[in-house]
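Just the one chain here, the form predicted on its own, laid out as structure tokens.
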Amino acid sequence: MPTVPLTTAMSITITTTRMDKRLKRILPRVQKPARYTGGEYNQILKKKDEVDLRLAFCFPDTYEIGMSNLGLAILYHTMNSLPFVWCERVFAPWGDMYDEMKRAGIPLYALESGDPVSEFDSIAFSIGYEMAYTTVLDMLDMAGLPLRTEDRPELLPLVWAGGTAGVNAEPMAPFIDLFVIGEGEEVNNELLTLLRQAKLEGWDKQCFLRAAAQIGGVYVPSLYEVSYREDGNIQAVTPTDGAPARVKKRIISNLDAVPFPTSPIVPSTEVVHDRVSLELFRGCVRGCRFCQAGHVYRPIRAKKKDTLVQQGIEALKNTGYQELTLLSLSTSDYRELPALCDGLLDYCEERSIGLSLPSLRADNFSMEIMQRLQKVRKSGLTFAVEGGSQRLRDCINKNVTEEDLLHTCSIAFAGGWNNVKLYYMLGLPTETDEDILGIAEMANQVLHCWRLNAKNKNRGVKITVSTSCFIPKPHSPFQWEAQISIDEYRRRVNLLRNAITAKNVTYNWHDAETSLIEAVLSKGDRRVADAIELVFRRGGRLDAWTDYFSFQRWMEAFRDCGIDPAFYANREIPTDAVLPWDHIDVGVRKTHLLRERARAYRAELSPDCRKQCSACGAAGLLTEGRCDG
């Protein structure tokens, strides 16, 4: 936990004295009550009678997950920068608190004020993961609000959402009044300004939604009619009431120019990522063909080194954290990384503040960077190798060779590291059993590399191999692909498990059932919404957690709603089919995705963006038309 000023305890006391007495009675009976009290250091408090809009910013997961989310921290501060808005945080309670709140009749409430969510003018959800859908419905229900937008005819409270899951908003379309597509720093405030005008002038809901649809990056599902063919595919998505035919995502062109929270809220209890996080750049130069994030976050935009050093040091001073992490989809691709590390370590080293770099790549990791990292403390190294053979890695455009990985590991082991994690996917297009066995062989090669290069063999070595099931994602070159069946995934897991025999190598694998449901929700259309609601009404919530996920509940809901999950997850989609997300424009042309898919089946690599522009189209979102690739 970070070291924070003594006033933090005082602010917690102030908040709890405002709380419902029923809440104060139940808190001693739940685990981690600090999740539910608010009053954290650096929280933003405003006077209700001095703002025109109150916004409940809801994260459909637990406090520990939400408070570790950098996007939530950024948007909390940008929306609160509007003098007429008070943005407060709301998280989903864990099971023990959920049960206590139900028994005591306590509705969902916001942390800053303790007021019920139903009293707010606007309710915004940050949805970064499809398995959070049932929790969104659960939070609406806990707030005492109807689930479906058609059952909320009044303008207020307006229910809207953003986040990565919005690039295919259709499964949640019946529940959400509008979606923000893309990055929210600017568009959220434009939307709130319009909502303020609508509230003060007494607009009805439909009038507001029609006006909101004219804001770039705002998608209003109720203004689009979806028709279907007899074979189950979509016939057409037709805009109405002047809504645009395609909704183009919003981006921030200049990351240095937008506010960054250098005084983020310091949690009152331990969270997943208890540290300062700095975002180096958005987008990715690599173009891995399975990766949704690498395509929907384009174009590439980087912050300047001096900006990052200033923001990092200010955030450390304002929070008391003892660790700082550098975040991006591929951190080691940041051009000024050595100079950035030096600038931060000038401050961090003498204060014993750790500096960590996740998302490293095996093909550009260097001793120079490692020497900077180990000045304070060592952590384990993680590399996403993805495929077990060079042919398969070329297919997915991973652009990492076995020589790259072994060279990097030799540097790491010689430098004193003895903990390496290797991530792979099973079920990638064109994968064979030979590719799977190649994963075990690569783990053996890494072990042999340690024996040859380890600085201190007495400490031993730990090599962890982890696999997940490939999930075809919208707006990626593999969006048309089929996911392998659960039985086939299990067969491949067993094949690999039996091939890994070294005692120093541990094998972990993700369960196939969750991956199937995620694939259905990722590629689903509006018809899937009925199953999502039925799962919720039968007790589904916090489905991202194994403690709460029930595969049987989902499959029964699909059956009872007449939905075949294989239609969405396990079927190869014709490339000329209308996709549920075709009317969402993330900037990357469909022709580019098709070209990359064809190259995948020929196992052809595409150069990264810094070597050669792929002409994907995303640079057209920038005013100057040129990205930082």
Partner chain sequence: MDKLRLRFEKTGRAIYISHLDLMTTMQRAFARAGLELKYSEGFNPHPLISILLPLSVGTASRCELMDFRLREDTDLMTLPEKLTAVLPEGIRVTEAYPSERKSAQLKWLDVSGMFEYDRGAPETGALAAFFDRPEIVIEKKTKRGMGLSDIRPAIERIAFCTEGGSILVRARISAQEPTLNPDLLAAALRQLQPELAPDFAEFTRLETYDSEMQIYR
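Positions refer to the first chain, counted from 1. As the structure is a prediction and not an experimental result, all values here were calculated from the model.
Keep in mind the form predicted together with the partner chain is missing from the figure; the text below concerns it.
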item: Option touching the partner chain, based on a heavy atom within 4.5 Å in the model of the complex, out of Glu533, Glu556, Glu186, Asp274; value: Asp274
item: Sole residue of Gly312, Pro267, Pro299, Gly438 within 4.5 Å of the partner chain in the model of the complex, by heavy atom; value: Pro267
item: Option from 32-40, 53-61, 562-570, 585-593 whose residues, in the model of the complex, bring a heavy atom within 4.5 Å of the partner chain; value: 32-40
item: In the model of the complex, Glu112 touching the partner chain (heavy atom, 4.5 Å); value: yes
item: The partner chain contact in the model of the complex: Trp450, any heavy atom under 4.5 Å; value: no
item: 4.5 Å heavy atom contact, Gly320 and the partner chain in the model of the complex; value: yes
item: In the model of the complex, Leu45 touching the partner chain (heavy atom, 4.5 Å); value: yes
item: Within 4.5 Å of the partner chain in the model of the complex: residues from 202-239 (heavy atom criterion); value: none
